[in-house]
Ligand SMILES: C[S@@+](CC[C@H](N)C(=O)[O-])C[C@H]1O[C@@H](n2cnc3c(N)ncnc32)[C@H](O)[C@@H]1O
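In the block that follows, a single chain appears as C-alpha cells, in the form predicted on its own.
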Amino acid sequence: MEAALEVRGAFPELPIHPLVADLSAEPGLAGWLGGTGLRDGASTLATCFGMLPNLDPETFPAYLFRLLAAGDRLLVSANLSPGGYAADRRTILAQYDNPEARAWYGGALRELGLDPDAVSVEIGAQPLPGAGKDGSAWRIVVDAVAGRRVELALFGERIAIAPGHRLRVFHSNRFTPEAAERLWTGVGFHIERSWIDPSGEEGIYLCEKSAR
C-alpha cells in the first residue's frame, strides 16, 4: 500500500490498482488482473523482489507461471550462494548471526508481545528438502526457543507457549546462480537476461513466459 501511495503521489496521471494479497497462499488473482484492464492488448511486467527468499521455492515459481500470460515478463530477485552450502555456509551465516541481527530478531519478538528474555534465539542453516546433495539450495533459519511457559495476546486471544516450543522468527533461502535459473526455466520461463552482484550473493533475473 505504501508503494501504491508513493506512485500515486509521484505520477497522479497513472491508474493505480493496489491490492494486498498473501502470495504464500497462492490466491487466484486472474479475475482481479482482468478487472484492472491490464490485460487489454498489453503485456505485463511483474516485479518480484525479496519474495523468493521467504516463499516456498518448490511451488512459488509455478504459481507465478500460472498467474502470468504468454509474453508477459517477470523481473525477480534471488539471494544467492555462489559456492553452495558447504562453501558459503560459514560466511553467509555470519551475516545473520551478529549483535545487530539479533537485535532485529528481538524487536520482532517484542512486537509479538514476547519478552526476548523468555526465549533463546538459535541461528543455523540446513539444505532445502528436495534440493539434492550438491548443496545448491539451502536455508538460513532463526528460531526462538521458549525457556519457560509464556503467553501471547493476539487479536483478543491468548496463546500459551510451553517450555521448549520453537517459534520460527525468520528464514531465508539461498541458491547457487545455476539453481536459481533452474527454478524459473523448470516451470517454463525463458531467462532473457540476468544481473549478478560482484559478491555473487544477489541476483536479478528477467524472465519471459513462453507460449506452450
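For clarity, every value in this text was computed on a predicted model and none was experimentally measured. Numbering starts at 1 and runs along the sequence shown.
The form predicted together with the named molecule exists for this protein as well; it is not shown, and the discussion that follows is about that form.
Just one listed stretch, out of 177-185, 160-168, 42-50, 147-155, contacts the named molecule in the predicted complex at the 4.5 Å heavy atom level, and that stretch is 42-50.
Put simply, of Leu33, Ala62, Leu55, Ala69 only one has a heavy atom within 4.5 Å of the named molecule in the predicted complex, and it is Leu55.
Ile204 falls outside the set of residues with a heavy atom inside 4.5 Å of the named molecule in the predicted complex. Of the heavy atoms in Leu23, some are within 4.5 Å of the named molecule in the predicted complex.
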